[in-house]
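Encoded as structure tokens, the following chain is the form predicted alone, with no partner shown.
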């Protein structure tokens, strides 16, 4: 028998060509061979093979799914990754968190606060979330909540800080938390935390953005200075005080108060929210922003949609440069950085400066004709279609909702 190695140049070419229809079959036929002898006796290596180590020592990682047998298969739905469940049956101590729950859901500030609480609780402690009134949140478990205490009642509706402090005093007597954490925000947490501190006789740490060991760091001097102090029992934390929980799942076990909460004789009467013209709200403080870009063809319709939705108007740099919107309505790194709870971008492709300016927004909704633009990739909810037709539909739905609410009230 001859010792001459017979080569198949076509098979070797197919094995090297990842775009060839027979590439995967040829790879399997060759047993996943990553090296072979060339015609001149030189050993050839396949740089596309899984496990190939390049000249810089970097190992090739398989991202095609071939090792899992998923090549050529189209899954009907993305695989849901089940996070590991963290259970604390008998916690050594409790970290109490009172989130703002604006709109009945956890905000990004609330999730940062829960991340800080999870950091302080470690593996032996439990994070107790105290929530007032009805809520719409369904992800307490992935936010790091071990125990969930719902305090409901008509006396807690609206602006009722004194009654809420009485309820927190009851939580203090039953659970004796090692630390109290509240958001240092303008949506209720800042005032409630200071009232609770006065009631408990504690000296709180305010505007805390970092907590390490037994010390914490807070902002002072209009945000120009940092003050370090021992970690107190009551902490009013700023946004981005810690990374939100993302790698574990928690029980969020429901607990209740043993006794009833004393009713407070209200000295403050809540007359409800005051109507404010959204056009007069600075964009840096707006909760709902309707922003237009180059894809908006009918700006009169855009303004009508902003009025119907009760949104503050914003714009991309292209729309401002074209004269459709004033310069003080430009959103982005070269304009205004916004922190809206809902940012509705209509006809904005998503330049990097614009995406930087909306980085702190909770929910981003994008309306665009291009499904591959960067704004669509960034958005939490995307609508592919003509901007004028979608704005008209939004106006019609808003009017139907208001008319229905008016009929129900009548």
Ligand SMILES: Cc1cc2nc3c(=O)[nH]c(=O)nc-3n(C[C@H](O)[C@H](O)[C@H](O)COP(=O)(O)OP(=O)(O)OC[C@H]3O[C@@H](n4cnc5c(N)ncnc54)[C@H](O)[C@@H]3O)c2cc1C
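Please read all numbers here as calculations on a predicted model, not as lab measurements. Numbering follows the first chain given and starts at 1.
The same protein has a further form, the form predicted together with the named molecule, not shown here; the description that follows concerns it.
Enquirer: Quick one: is residue 294 in contact with the named molecule in the predicted bound form, heavy atoms, 4.5 Å cut-off?
Expert: Yes, residue 294 is a contact residue.
Enquirer: Would residue 380 count as a contact of the named molecule in the predicted bound form, using a 4.5 angstroms cut-off between non-hydrogen atoms?
Expert: Output for residue 380 is no: heavy atoms all beyond 4.5 Å of the named molecule.
Enquirer: Although the partner isn't part of this model, could you tell me whether residue 204 comes within 4.5 Å of the named molecule in the predicted bound form, counting any heavy atom of the residue?
Expert: No - in the predicted bound form, heavy atoms of residue 204 and the named molecule never come within 4.5 Å of each other.
Enquirer: With heavy atoms only and a cut-off of 4.5 Å, decide whether residue 334 touches the named molecule in the predicted bound form.
Expert: So residue 334 counts as contacting the named molecule.
Enquirer: Does the trio 351, 368 and 386 actually contact the named molecule in the predicted bound form, every residue with a heavy atom within 4.5 Å?
Expert: So, yes: the whole triplet contacts the named molecule.
Enquirer: Heavy atoms within 4.5 Å of the named molecule in the predicted bound form: which stretch among 235-243, 326-334, 141-149, 160-168?
Expert: Within 4.5 Å of the partner lies stretch 326-334.
Enquirer: Here the chain is shown alone; which of 192, 120, 318, 101 has a heavy atom within 4.5 Å of the named molecule in the predicted bound form?
Expert: In short, 318.
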